[in-house]
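In the form predicted alone, a lone chain appears below as structure tokens.
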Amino acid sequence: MSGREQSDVIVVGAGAAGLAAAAALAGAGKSVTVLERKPYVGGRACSYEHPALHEIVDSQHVLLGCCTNLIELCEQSGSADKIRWYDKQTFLEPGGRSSTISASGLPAPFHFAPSFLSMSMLGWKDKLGMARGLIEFFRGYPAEDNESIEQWLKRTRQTELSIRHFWNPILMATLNDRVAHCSTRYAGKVFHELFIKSSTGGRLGIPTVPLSEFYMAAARLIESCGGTLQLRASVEAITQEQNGRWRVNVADTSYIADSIILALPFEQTQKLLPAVRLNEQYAGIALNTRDELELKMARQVHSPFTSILLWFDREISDLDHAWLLDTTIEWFFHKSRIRKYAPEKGSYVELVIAGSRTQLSMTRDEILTGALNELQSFFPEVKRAKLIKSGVLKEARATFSVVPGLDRFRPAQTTKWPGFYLAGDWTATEWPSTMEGAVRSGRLAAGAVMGDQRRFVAAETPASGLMRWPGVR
């Protein structure tokens, strides 16, 4: 080794989890080194220049008003002004008929009631069933995760139309998987936080800049507190020395620290675990702990995500975003409007297909042809506009599925190896696979390093309106 760098904590991974952990620790006075194998930050929520398109591309990620830890990190790092917030959401049916959801002046939990009552995409029978279902989440969400949302939809007698036009779109967007694969515990959390608990939890926030640029603000915050970020730093080995400190080998440099946080997706953590070597004092627990962690990670399941990127010569809609119903595409994002591109740059659109297992085996042309045909049924201007260029991004490992029974296989951030911690949305956060879950995991890991696990965790969105009354929740 040609160099040895020393710090209090090494964080492996500069995604949302790693950046959140490092920012918390650096802000608390710890010396922190962040190692990231890619040439940019953001992890799965990253952006990069596409070699064929010559455009900075990313897959769309959003925030919600209930994402208190992510919002706080953005405020601390100075990227909060790079979020555009929306209080109204539009649902489009083929042919162009639209319904909107927006909070009224009524107190929670009735703030969305006028919007629900006026939805043309649903009939009265559908709306009554929805009300019956939402009442189940007034007091929160289930403590156990043994029921699928598919079973819950049947148990609460939801109509086929309400499933197609409300329950399924919301769940696909937030949990990125089919109802048969999602636990009612996490679906319940989504509906409680977004539609019941407060009038602000369901606000939609969309970054107005490419994602790596968005998260680079957190990296600069770390550096302003004395931390170090090393890009293109691929970890080769992790060793606990005889004095209990951890050594991480990267190319011709070794990094030494009292503690290490692996802030990686579960499949990358799984690959790296065999490269962890403990000293003689803890060798006896090394094998059992590694086996236990590998067993838990083996129970994690990926859910894919496909983005279709389209550049037209003119605007095809005056909407910034919309839910697209009764189609393969779940969500439409007008990124040129969201990011306020000059009109002469045309119309840049991203279409999202969540839980896109079928698309993994399809060709680019098959996906693109189908998406354009479906898009025309919502926006007639597509037929008149010229498609300048296009791209398809398939993320086979976009998220993990919150399948029923998964909770007992989500590991804590603290391990049995002294000074060795885990972070990532897949760890035990009480949240599904979201950027908020990732940031929470990083902050929980940082708190564990400091001896107080919840030290850096922001309070959840407070209840408002009638939901503040004793006995309501």
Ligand SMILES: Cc1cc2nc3c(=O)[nH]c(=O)nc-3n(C[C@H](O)[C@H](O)[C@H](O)COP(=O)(O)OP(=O)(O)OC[C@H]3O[C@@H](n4cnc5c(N)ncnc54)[C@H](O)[C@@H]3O)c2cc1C
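A quick note: this is a predicted structure, and the numbers were derived from the prediction, not measured. Just count from 1 along the sequence shown to find any residue number.
Not on display, but discussed next: the form predicted together with this ligand.
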Exercise. Since the chain is shown here on its own, which stretch among 5 to 13, 445 to 453, 458 to 466, 21 to 29 would lie within 4.5 Å of this ligand in the predicted bound form, judged by heavy atoms?
Worked result: 5 to 13
Exercise. Would V62 sit within 4.5 Å of this ligand in the predicted bound form, counting heavy atoms only?
Worked result: yes
Exercise. Does at least one non-hydrogen atom of T100 fall within 4.5 angstroms of this ligand in the predicted bound form?
Worked result: no
Exercise. Given that the partner is absent here, does E150 sit within 4.5 Å of this ligand in the predicted bound form, heavy atoms only?
Worked result: no
For this session: Would you check, heavy atoms only and a 4.5 Å threshold, whether F191 touches this ligand in the predicted bound form?
Result: no
Exercise. Is this ligand close enough to C74, I222 and L422 in the predicted bound form that each of the three has a heavy atom within 4.5 Å of it?
Worked result: no
Exercise. Of T358, S234, N288, Q281, which one comes within 4.5 Å of this ligand in the predicted bound form, counting heavy atoms only?
Worked result: S234
Exercise. Though this ligand is not shown, can you say which of T68, T415, S47, T434 has a heavy atom within 4.5 Å of it in the predicted bound form?
Worked result: T434
For this session: Can you tell me which bits of 29 to 57 touch this ligand in the predicted bound form, meaning any heavy atom within 4.5 Å?
Result: L35, E36, R37, K38, G42, G43, R44, A45
